[in-house]
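The chain below stands alone, shown as structure tokens; this is the form predicted on its own.
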């Protein structure tokens, strides 16, 4: 494909304008094109420039809440339906971008008996719904292994989606912020898109992009680090620890990618810029040396903004006539984001696939 256009500097007419060129926005664009809509996509930064390209690369079925928590919060049938949709999304992502996905399964491990009680409750709930989960003793603690999960190279995944969108005839513009959004127009500094509908597919900063979501969505910062190739540790698959707040995996070249620590400093992370902080990075250093037990030197540190709701369910809402907002994936955008993107594209094209009925249309304030 030819590379995306650098900036929009003219007036374009399309059936749909998508604001945000991460995995969710590009999934919406690709689905809309395949449904016959003309589409223009814009991003204030570059493709994969935000959390879509700077996340832990874990494809874990389910929502941000572990399955037993989701069953308690949403009911067994809705929780199981959402779990199965996200599990099927792993298969679809692997089929769509096989070069970016490794079928590894995932682990959730416990540091002590109290955490193990919660892990065991998750395992029982998964098994109650016919979802495979195996108890495991690991070097990182006692845990459960879920064989269906996977890992993904997030940048490779998003770039592959962008190539597919361009091949299907969508126009993509980087460095094109949306200064004004309505159901019929999106204005940028150098141009304008006249359109029949808009999808705002922004996760971090969603409440700034769509002020109507203020008090419903809240942006926070997630932080990570990566090491040089580590020869003193072997991590067979993505691992979740510390009640899900910490997560790590080993890349094919041996590097360890570790994220988490947000629960160690909630107040400083809400609304914080996408820059690493001393408090959280120091905590991650401790996890790297004492929990993962590698001495490989840290080579990279980074942060990204994502948004949350108090319910743990994403936003998928028509915020004004013909303007849809999707986001607030609560850290699960790799799967839930693409599900929401395709679903909203179908709604705009006149087809309801049922996801909207499973997603809370009006989450409580954070």
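Positions refer to the first chain, counted from 1. Computed from a prediction, not measured in an experiment: that's the story for all the values here.
Keep in mind the form predicted in complex with a small molecule is missing from the figure; the text below concerns it.
Novice: For residue 45, is any heavy atom within 4.5 Å of the small molecule in the predicted complex, or not?
Specialist: Contact with the small molecule, yes.
Novice: With the partner left out of view, is residue 133 within 4.5 angstroms of the small molecule in the predicted complex by any non-hydrogen atom?
Specialist: Although the small molecule is absent here, residue 133 would stay clear of it in the predicted complex, with no heavy atoms inside 4.5 Å.
Novice: May I ask you to state whether residue 143 is within 4.5 Å of the small molecule in the predicted complex, using heavy atom distances?
Specialist: Looking in the predicted complex, residue contacts with the small molecule do not include residue 143, since no heavy atom lies within 4.5 Å.
Novice: Any of the heavy atoms of residue 21 lying within 4.5 Å of the small molecule in the predicted complex?
Specialist: Yes - in the predicted complex, heavy atoms of residue 21 and the small molecule come within 4.5 Å of each other.
Novice: On the criterion of a non-hydrogen atom at 4.5 angstroms or closer, are 25, 57 and 176 all touching the small molecule in the predicted complex?
Specialist: The answer is yes; 25, 57 and 176 each reach the small molecule.
Novice: Which residue among 30, 306, 70, 316 has a heavy atom within 4.5 angstroms of the small molecule in the predicted complex?
Specialist: Among 30, 306, 70, 316, a heavy atom within 4.5 Å of the small molecule in the predicted complex occurs only for 306.
Novice: Just one stretch in 281-289, 199-207, 121-129, 79-87 has heavy atoms within 4.5 Å of the small molecule in the predicted complex, so which one is it?
Specialist: It is the stretch 199-207.
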